[in-house]
Ligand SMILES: Cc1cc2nc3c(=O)[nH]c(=O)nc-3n(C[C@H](O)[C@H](O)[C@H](O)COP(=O)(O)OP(=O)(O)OC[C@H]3O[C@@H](n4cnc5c(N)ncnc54)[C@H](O)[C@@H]3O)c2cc1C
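Just the one chain here, the form predicted alone, laid out as structure tokens.
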């Protein structure tokens, strides 16, 4: 299902109208507060503003700064990290693990393993065929350190974006930065290039970009996998949690828990059938996919909050079982959201592209992960995906200049999105977006006009194409 700026503004306007107060009931104090909202902090200026300090945004900021751009990295939460920090999605799926992501997981392995000692089989590629996860706070520490090492990055946390700065030329919107809310007041950040790495696509939507939401019909993009009639449904959300032993000799009651599948670091999923082996390994701490619930519209923060409440309510029985067994539970501050907007770009990446392992001429990132559409049944043979390439065109919104996309919001169908939405791939896309933004600033040209060969050479020099040596070329 596709949405335009007009439909976005109608929905936003309806929400504002619903929440508006009649002037007749505003007190003097209320009037003073209302006036404070329109006053502004001094304008900030930079070369590149990256919105969202998560798996796509941090690599984007690092890459732009590395290539000489002055970068402001904006995050609505109080600390950077995104999904692994506030949703506890600390288990890695997909690959390749290259560039900034490779450096991050290598540092996590060297200094922050669950067992306290570096895994000697981990290797420089950031993977060894085992399951690995780390504590959310350790992700945050490594990410903070990476950002602090780049003098060209200014990090602004606790700064939600409330609007975009847009001018118009012909049929194109020209994005010139964003507006943040700061202590009840507004502050503009002007930039030559803006990167939407929010994971929700809200910046692109505010800028008037067309976007896709929910399931298409497979005939819409000539795909072989999918549903016959578009229904607009999205993937469910999952509330993650960590269990930790607090009583000596306590054993995870995996045979009594309902759902809430868990994973043990450096081993595998914990199952009732493997209980004896689990007892011998004596790990004492596990990461769990907790309660999974459906949210009708993940664009609506109130509905997401309600989904989180339902998920927490659904975990009560397991929480009691775990408590009685001698385990404490650490529940993620935010529910894990798999799918929001996908912004329509110059090229829509499809299931056929992935299934055929297409390596586009304008490839800016390698990717490898199966089709993982929660809530949709797909034949196991059709789920498999060979290594494929992410085209630069999928990072450029149609009819828009000055804006690039990073992470899971790039232009792709829902089926394709289910593969590319995982953190290593989002990181690779983000690093490419940041590099492209810096080249645009360097040559004072639009993001469409940069030399794609120079972009690819830059990425290659920084190890972004080290994951799969044989790339080929298909169109």
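Residue numbers count along the first chain shown, from 1. Just so you know, these numbers come straight off a predicted model, no measurement behind them.
Omitted here: the form predicted together with the ligand. The next part is about that form.
Engineer: Quick one: 205, 343 and 414 and the ligand in the model of the complex, is every residue within 4.5 Å by at least one heavy atom?
Structural biologist: Per the other structure, none of 205, 343 and 414 touch the ligand.
Engineer: Using 4.5 Å between non-hydrogen atoms, is residue 209 touching the ligand in the model of the complex?
Structural biologist: Heavy-atom contact with the ligand at 4.5 Å: absent for residue 209.
Engineer: Consider residue 327 of the chain shown here, and say whether it contacts the ligand in the model of the complex, taking contact as heavy atoms within 4.5 Å.
Structural biologist: Although the ligand is absent here, residue 327 would stay clear of it in the model of the complex, with no heavy atoms inside 4.5 Å.
Engineer: Does the 4.5 Å heavy atom contact test between residue 220 and the ligand in the model of the complex come out positive?
Structural biologist: The answer is no: residue 220 has no heavy atom within 4.5 Å of the ligand.
Engineer: Is there a non-hydrogen atom of residue 142 within 4.5 angstroms of a non-hydrogen atom of the ligand in the model of the complex?
Structural biologist: Residue-level check for residue 142: no, no contact with the ligand.
Engineer: Heavy atoms within 4.5 Å of the ligand in the model of the complex: which stretch in 41 to 49, 416 to 424, 436 to 444, 62 to 70 meets that?
Structural biologist: Of the stretches listed, the one contacting the partner is 416 to 424.
Engineer: Let me know the one among 348, 337, 257, 165 whose heavy atoms come within 4.5 Å of the ligand in the model of the complex, would you?
Structural biologist: Contact with the ligand in the model of the complex is made by 337 alone.
Engineer: Which one of 159, 242, 293, 304 is close to the ligand in the model of the complex, taking close to mean a heavy atom within 4.5 Å?
Structural biologist: Contact check passes for 159.
Engineer: Are there residues in 43 to 66 with a heavy atom within 4.5 Å of the ligand in the model of the complex, and which are they, in order?
Structural biologist: The stretch touches the partner through 51, 52, 53, 54, 55, 56, 57.
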